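One chain is shown next in structure tokens, namely the form predicted alone.
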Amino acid sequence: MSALDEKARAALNKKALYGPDIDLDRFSSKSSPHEYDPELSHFSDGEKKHMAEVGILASRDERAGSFVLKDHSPIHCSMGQEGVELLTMRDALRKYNGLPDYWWKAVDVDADKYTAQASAAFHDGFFIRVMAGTKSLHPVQTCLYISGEGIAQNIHNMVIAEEGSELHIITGCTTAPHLKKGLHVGVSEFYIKKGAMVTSTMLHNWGEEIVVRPRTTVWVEEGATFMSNYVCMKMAKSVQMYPSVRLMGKNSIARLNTILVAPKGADLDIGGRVSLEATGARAEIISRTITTGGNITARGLLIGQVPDVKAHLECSGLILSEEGRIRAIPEIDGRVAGVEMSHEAAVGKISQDEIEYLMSRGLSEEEATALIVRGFLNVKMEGLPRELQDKIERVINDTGKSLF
């Protein structure tokens, strides 16, 4: 057993640092294998609909690459643009002799029990590498899909953007229409080299009893940019994610946007951490949250390590149900003189004055409320391809209509 394996197994019994502690033994580590699907044609109409709701096309058109992991089986992996490499994680480890400069370098394998689970019971994942100077013409789409009732899906993903490259990723996470119970644990390591830009957009549409534990760390070098957009507007039993970004190079940039809707029974503990470690670094964390009966904890932490850095954190929430709860936890940690960081947080309800104003313009009360909700959720996400921006706007529009 390697030292990495020993650390992982020793950490499996650790308690969660925050949020509900999940018994990993409730979920099965076994899954029937699924055959490879070269044309993405084996999915039912219901499955394709679920995938489309999280931005995944059941075709390879207008994609720089496509990857689908069904339960524990990579059932599709194809590249559509020169200079963009997409492999299963296991194939990448074989091709690059274990990726010694990257594998488990950004993430501590014993950080918590879920991170350790991704190592101790590793199934697979995706590996994306964009060559120096290459700009992806279309997004790379990755789909993490659970179809087996009660299984645990333990994955490890890696993204490497070489110098001066540009990459857009859309990750759609969903389940089969019939599925109720399952566990998704995902470790992701991002390495963004000098002058590169990566936009990562994740859309979640899980089942009613799905537990989700992503663990992500991002290293950003000089003049590079990382933008993360996370959208979850459907029911999920428990989601806990807290991506950590290190701005390690001069003039590096990070922007983290989160849009959440928590129906009754959902428990969402979502946030982000950015450490500004080089002069000229800039960061922004923005969250928009709505509860219609579920619980939301919106976390954010900015750490100013050196002078001449700027950062802002904003958490805004709307409570649309007597049973719902939103906790906003914004934190700023300035460790030297010369940092410029700010935060604001607000939780409340929709203004009756705004509703009455719109009603005076001919809208019904439900139409007025839905319009306000859509406007509240519609965060401007810079750098997105038009297709992804349109997709998110459609999801927001549909959600606003369905709430009332």
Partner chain sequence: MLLSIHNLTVEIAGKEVLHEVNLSIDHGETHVLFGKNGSGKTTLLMAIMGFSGCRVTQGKILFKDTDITYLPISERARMGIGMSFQRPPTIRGVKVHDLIKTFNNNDDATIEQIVNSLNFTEFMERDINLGFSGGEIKKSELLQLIVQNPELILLDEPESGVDLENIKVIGKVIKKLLQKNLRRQRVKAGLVITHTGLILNYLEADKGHLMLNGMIICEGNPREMFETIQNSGYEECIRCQR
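Numbering follows the first chain given and starts at 1. Not measured: the values here are computed from a predicted model.
Separately, the form predicted in complex with its partner chain exists; it is not shown, and the next lines address it.
- Judged by heavy atoms within 4.5 Å of its partner chain in the predicted complex, the contact stretch among the candidates 48-56, 331-339, 29-37, 369-377 is 369-377.
- The closest heavy atom approach of residue 361 to its partner chain in the predicted complex falls within 4.5 Å.
- Within this chain, residue 352 lines the site of its partner chain in the predicted complex, having a heavy atom no more than 4.5 Å away.
- Its partner chain in the predicted complex is not approached by residue 62, whose heavy atoms all lie more than 4.5 angstroms from it.
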